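In C-alpha cells, the next block holds one chain alone, the form predicted on its own.
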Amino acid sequence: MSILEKVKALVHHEAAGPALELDDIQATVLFDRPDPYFGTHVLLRFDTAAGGRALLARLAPHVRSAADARDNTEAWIAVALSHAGLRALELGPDLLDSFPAPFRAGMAQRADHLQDVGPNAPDGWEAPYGSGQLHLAVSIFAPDEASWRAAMATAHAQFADLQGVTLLGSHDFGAQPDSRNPFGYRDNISNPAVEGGTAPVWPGQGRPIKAGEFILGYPGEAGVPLAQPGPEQDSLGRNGTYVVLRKYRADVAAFNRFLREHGGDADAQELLAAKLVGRWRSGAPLALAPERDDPALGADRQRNNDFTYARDQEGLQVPHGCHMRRMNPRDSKLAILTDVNLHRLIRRSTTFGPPYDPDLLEDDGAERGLFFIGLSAKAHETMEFMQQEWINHGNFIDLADERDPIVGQQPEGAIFTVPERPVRRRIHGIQSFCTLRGGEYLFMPGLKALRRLAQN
C-alpha cells in the first residue's frame, strides 16, 4: 500500500452519509445532461432588489428538484447567482462576507489564480462576463427540441414583463449529432458517482464520492461538511453548490490543420486525435481500444468508461499528457502526491455552433465552442487547482511545463509527448485550440434557499 493509500485509508469514512434531501437539490446537480440535448443559457441583471426577488419568486416553482428528475425525458430549468447578484438582492453584509473569497471576488478577479492571461485574459472577454453585470444565469436543458421550446417559453414568461430586471443575452446550445463536442468527440462520458445520488452508476466510475464534496451540508471525503454561507443552524448554502462557468471558442480549423501536418494519412490522423484526448472520437477509450477505433464500444455506457491505467503506467496506450488522463488520472502513478477524488467536478458542459467538420481548414466565421460547466462544493478551488497543476503544467506527470493539448494555452514552441518504444515521440508546434471568451463563479442554491432569496 502506497503512502497516499495509507493516508486515504486513515481519513476516508466508509460509513454511508445521511440521505440526500433530494426535494431541495436542483435537478441538474445530480442528474446527467440529456443525450442528445438541446438548451439555452440566459443571462440576466437585477436592476433593483425588488425586481430580482420577484424574478426568483416567479422562477422557483419551475426549477426542478432532484426528487422529480429521476429520468431526463423532460426539460428542466436550473438557476445560479453570482456574488454580484446576491449583493444586488441587498443581502446583509455578514451573510455576503460568509461566502468563500474566490466566489466573492468573481472569476475575472481571480485570473492570476486561474492563469487566464494573454488571449484568455478578462480584458478580452465578451460582455457581460467579468463586468459584474451578470447576476443570474438561467439554464434550460432538454432532451428534444419540442420540450426545449416549451421550457424556454416558460422561462421567458417569468421575466418578459418584469420591471427591475434586464436580459443581457442568451445562448443556444446542443443539437449536435451523438452529443459530440466542437472537435467531434463524443462528450459527457465520465462523471464522478455521488454517494446517495440519483443518476445511474456506470462501470468505471469508481466508488461513489462522498456527497459533501459536491453538495453543501453533507460530510465530504474527510468526514465533515465544508463551510457553508450563513449561520450554521440556518445556512443559505444547505443543498446548494458552486458552479464554474467558462465559455470557450474552439479553433476547429487549427485543430484539423495540426492533425494533417503531424498525423500522416487519414488513419494516422485519427490515431493522433485519439492520443491528444485519450479517446477516439466515437468515445472508445484508448485504454480498451489502443490500436483502432471501436464505435460500438464508444457508444456502450456499460463499457466505454470501464478501465484503469494499472497496466499502462508508461502511457504507451494513453499518453500521460492527454486531456482525459490529466483531468482524471484515476490510478496513474503521479509524481506529486495527490488524492484524485478531492479534485473532481460534476460536468454539465454544453457545446454550441455547427457540428464538427473534418474538412474545415480555415476560419469560416461561425461561432463554435463549448460552455464548460463544473459543479462542486468547492468548484472555484478545484478549477484553480486544475488550471495551475493539471492543465497548464506537467510536473505532476513528469512532463515539466507541457500543457493540456486541448484546453491549455500553449506558449511558442510547445510540444506534446507520445510515449513510444524505443523512444518517446515529441510533436512540436502544438498551438492553442481553445480560447476563453468569458466566465463566472456562480452559486446554485437549494430550492428552499432560492425561495428565501426571493423573500429576503
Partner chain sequence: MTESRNDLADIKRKVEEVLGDAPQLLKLALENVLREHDPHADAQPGSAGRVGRQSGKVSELTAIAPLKPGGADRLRRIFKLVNGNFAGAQKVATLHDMRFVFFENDTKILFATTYDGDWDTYIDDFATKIPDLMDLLFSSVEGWPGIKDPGVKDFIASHQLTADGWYVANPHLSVVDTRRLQRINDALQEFLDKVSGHVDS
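All values reported here derive from a predicted model rather than from experimental measurement. Residue numbers count along the first chain shown, from 1.
Just so you know, the form predicted in complex with the partner chain exists too; it's not on screen, but the next bit is about it.
Between the partner chain and Q269, Q317 and H323, in the predicted complex, does every residue show a non-hydrogen atom at 4.5 Å or closer? No.
I'd like to know if H380 sits close to the partner chain in the predicted complex, meaning any non-hydrogen atom pair within 4.5 angstroms. No, no contact at 4.5 Å.
Mark Q431 yes when one of its heavy atoms lies within 4.5 Å of a heavy atom of the partner chain in the predicted complex, and no otherwise. Judged by the heavy-atom cut-off of 4.5 Å, Q431 is well away from the partner chain in the predicted complex.
Using a 4.5 Å heavy atom cut-off, state whether D47 contacts the partner chain in the predicted complex. Contact check for D47: no, nothing within 4.5 Å of the partner chain in the predicted complex.
If we define contact as a non-hydrogen atom of the residue within 4.5 angstroms of the partner, is E90 a contact of the partner chain in the predicted complex? It does not: once the partner chain is placed as it appears in the predicted complex, E90 has no heavy atom within 4.5 Å of it.
Specify the contacting stretch among 135-143, 253-261, 181-189, 221-229, defined as having any heavy atom within 4.5 Å of the partner chain in the predicted complex. It is the stretch 221-229.
Scan D339, D331, D172, D300 and let me know which has any heavy atom within 4.5 Å of the partner chain in the predicted complex. Looking at the other structure, the residue within range turns out to be D339.
With the partner chain left out of view, which of E420, E389, D35, D68 would have a heavy atom within 4.5 Å of it in the predicted complex? Result of the distance check: E389.
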